[in-house]
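Before any questions on how it binds or moves, here is one chain, the form predicted alone, in structure tokens.
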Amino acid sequence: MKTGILALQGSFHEHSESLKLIDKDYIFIRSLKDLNQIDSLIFPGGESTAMMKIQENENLFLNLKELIESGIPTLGTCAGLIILSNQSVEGNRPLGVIDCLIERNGYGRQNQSFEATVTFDNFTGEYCFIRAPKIISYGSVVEPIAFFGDEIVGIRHNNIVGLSFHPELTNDEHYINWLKVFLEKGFHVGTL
């Protein structure tokens, strides 16, 4: 079985590099035919509005939502978090699989991107925030799992993890170890 990486736009190649480090087979998802034989999903950073528009005629997201709701481990970073949220993206409805409200570009535009220390799954590392969304609120069944100072930058709901930042750009040992276990078991995400 393979990890499916949404490859409509964004940092999908960087996520494939992470998967190579843990010897995990993957497939780039661009159409419905790519959904066969995947056991986990990654929604990369990029431009959430562009991703929504690219797939709208194929109903790709409806099929992805069914897979996520079946319980497969699913990771969304940056724009991936926006797509997984139940917030509206410029009039379009995202997948709505994480009960949270997200502010797009909540940490600023492209020229305000930065690196910061994040506490994630009981370890601390330096991660990139690129036009990062801000988690404004979340439902009672959603757990905060990553923090930038006092701000929550990562959340989990059952088999789904959403991160405001880009761990795939640094691929530090802690993240890679976390990713391996998460994709295998879907629940090892830790809370503080």
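Numbering starts at 1 and runs along the sequence shown. This structure is a prediction, so every number in the text was calculated from the model and none was measured.
Keep in mind that the form predicted in complex with glutamine is not shown, yet the notes after this line are about it.
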Out of 63 to 71, 154 to 162, 126 to 134, 25 to 33, where are the residues with a heavy atom within 4.5 Å of glutamine in the predicted complex?
126 to 134
is_contact(Pro167, glutamine) in the predicted complex, heavy atom dist at most 4.5 Å:
no
Heavy atoms within 4.5 Å of glutamine in the predicted complex: does Leu84 have any?
no
Within 4.5 Å, heavy atoms only: does Ala79 come near glutamine in the predicted complex?
yes
Find out whether any non-hydrogen atom of Ser48 is located within 4.5 angstroms of glutamine in the predicted complex, and reply yes or no.
yes
Glutamine: the contacting residue among Asn122, Gln112, Asn105, Thr117 in the predicted complex [heavy atom, 4.5 Å]
Asn105
